[in-house]
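Just one chain follows, in the form predicted alone, and it is written as structure tokens.
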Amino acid sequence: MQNVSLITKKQEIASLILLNIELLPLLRRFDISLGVGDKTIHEICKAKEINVDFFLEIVNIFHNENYFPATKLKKFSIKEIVNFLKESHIHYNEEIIPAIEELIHKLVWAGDDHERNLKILKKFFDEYRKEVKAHTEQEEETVYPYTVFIENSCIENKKIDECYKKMKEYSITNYADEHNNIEEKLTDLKNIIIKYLPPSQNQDIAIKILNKLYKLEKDLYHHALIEEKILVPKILEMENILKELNSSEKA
């Protein structure tokens, strides 16, 4: 990891936004709105009962391309990590994807090409939107509840038999094997606009779409990294502990 200049809890939230406007949607996932005055990160986090250490690690990951403190992140609870990931799902499905879809509908091509080109782009994007929705629903309905259950069982050392039975039905290894990096599929969508469709008459709209796709791709990359490098290894470790506890109880 290269040396990076890290954001600290003594900095003002306002200065954080001015430093990197792309962090603004991230702050919303922690329920931090505009109108923060001169309050520091520490003051805002304390007032909103946010774990300031967790907040800083997440913000620094999104702010610095070369920063990913896997060891530090593994110290936080699964519940904290899952809550952040679920807020990210809301951002994708209810904010950024609908905003991109709205812009796509505004694209204009000359003559008979308009309907054909718009249909191609809308069809591809609609398929992608459905895939993202299905992916996030599967995580929220199956994966995340399982991870929280495993953490609670491991920490409290309760329901070992029930937990072991659940692990036999579904393990985090299933998720690791099935987990698709949906951010990779944005490349095709970007290429349709950049390379394959003729230029639209309103290039400003096309550029706005590409900017939003880039931001979504970047966000999804960090999202997947947290899942694959933090969530999965933590649960694998806890599953192994619970297997040992189950074996010792039967010994």
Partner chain sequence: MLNTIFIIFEKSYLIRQGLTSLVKEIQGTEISGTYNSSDSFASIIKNMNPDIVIMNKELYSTITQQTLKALSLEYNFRLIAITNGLKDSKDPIFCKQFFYGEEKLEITKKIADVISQLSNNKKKVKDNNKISGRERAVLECVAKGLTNKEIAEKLFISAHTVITHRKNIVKKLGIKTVSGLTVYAILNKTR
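A quick note: this is a predicted structure, and the numbers were derived from the prediction, not measured. Numbering follows the first chain given and starts at 1.
Keep in mind that the form predicted in complex with the partner chain is not shown, yet the notes after this line are about it.
When contacts are judged by a 4.5 Å heavy atom cut-off, Ile90 does not count as touching the partner chain in the model of the complex. The partner chain in the model of the complex comes within 4.5 Å of no heavy atom belonging to Phe84. Interface residue remark: Phe124 is counted as part of the site for the partner chain in the model of the complex, having a heavy atom within 4.5 Å.
Using a 4.5 Å cutoff between non-hydrogen atoms, Ala134 does not count as a contact of the partner chain in the model of the complex. A single residue from the set Lys130, Lys79, Arg116, His105 has any heavy atom within 4.5 angstroms of the partner chain in the model of the complex; that residue is Arg116. Proximity to the partner chain in the model of the complex, defined as a heavy atom within 4.5 Å, singles out one entry of Leu197, Leu27, Val52, Leu210, which is Leu197. Of the stretches 187-195, 56-64, 31-39, 200-208, only 187-195 has residues with a heavy atom within 4.5 Å of the partner chain in the model of the complex. Counting a residue when any of its non-hydrogen atoms is within 4.5 Å of the partner chain in the model of the complex, there are no hits in 38-57.
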